[in-house]
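One chain follows as C-alpha cells, the form predicted on its own.
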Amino acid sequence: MTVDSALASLADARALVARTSTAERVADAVRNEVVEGRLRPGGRLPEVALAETLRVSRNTVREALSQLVAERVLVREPNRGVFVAVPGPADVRDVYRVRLLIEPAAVRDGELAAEPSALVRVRDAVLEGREAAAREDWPGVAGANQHFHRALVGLAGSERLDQQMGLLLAEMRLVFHRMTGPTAVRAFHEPYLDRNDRIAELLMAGDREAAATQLTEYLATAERQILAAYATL
C-alpha cells in the first residue's frame, strides 16, 4: 500500500475531521490508516498533502503528527520530515508487556464481558477472519485479528483502555509489516483463527477465567514467534 493510496483512504475521514478541525481527530484518522495497514513502516507523511487531503491547516497537521511521534507511531527525522515508525525487538517486547496486562484483565474482569452485544463484536471479528481466510485474503485475516483484539479490550467498557489499545494496535500493525509476503503473513496468522474461535467460544459460554488463560498463552506465543522472525531479518 503506497502513501498515495493511504491519502486517498484518508479522504474518507475528511467529514469527521471537518466537524471538529482538531489535531486529535487528524491524529485519529492517520493512526487508523496505520492500524488498518494502509500506511506502512518507513513511509513519509508530507504535511502539505495531508493538509490538502483532510482540508485542515498545516499547523493542525503538524500538531497531529507531533502527537503521533510522541505515541511512537511516527518518527521525525531532522531535515527529512515525518515517517511511519519501524519497530524493533525492544518495541515488540514492550508492546506485548502492556498487552499481557490489559487484554487478559479485560476478558476476565471486564464489566461488558457478559453483555451479548459486546460478545457479538468478538464473534463478528472471528467470522471476519474466517471469511477472509476463505478468500485467501491474508492481509484481511491480519486486519480481522486486530478487530478481534480491539473487541476483547472493549469488554472492559473503558474509553481510556480503548484509546490505549488503538495505540498498541497501530504499533502491532507496523510490527506485522516486518513479516513480509503473503506466505509469511499466512503462516503467522492462520493458526490464530482457531485460537480466536476458542476464546470466543469460552466467552460465549461464560467461562471468562479459561478465556483469559488461553489469551495469556496466546499472546506469549505470538511474542516469541515475532521475536524469532525479527532475529532472521
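Only a predicted model underlies this, so the values are computations on that prediction, with no experimental measurement involved. Each residue number is its position in the shown sequence, starting from 1.
Beyond what is shown, the protein has a form predicted together with another copy of the chain; the following relates to that form.
Note on the interface: of 90 to 98, 129 to 137, 116 to 124, 142 to 150, the segment with non-hydrogen atoms within 4.5 angstroms of another copy of the chain in the predicted complex is 90 to 98.
Residue contact check for R178: none of its heavy atoms lie within 4.5 Å of another copy of the chain in the predicted complex. In the predicted complex, no heavy atom of T183 sits within 4.5 Å of another copy of the chain.
In the predicted complex, at least one heavy atom of E171 sits within 4.5 Å of a heavy atom of another copy of the chain. In the predicted complex, no heavy atom of V84 sits within 4.5 Å of another copy of the chain.
Residues A156, G157, S158, E159, R160, L161, Q163, Q164 are the ones in 140 to 167 with at least one heavy atom within 4.5 Å of another copy of the chain in the predicted complex, listed in sequence order.
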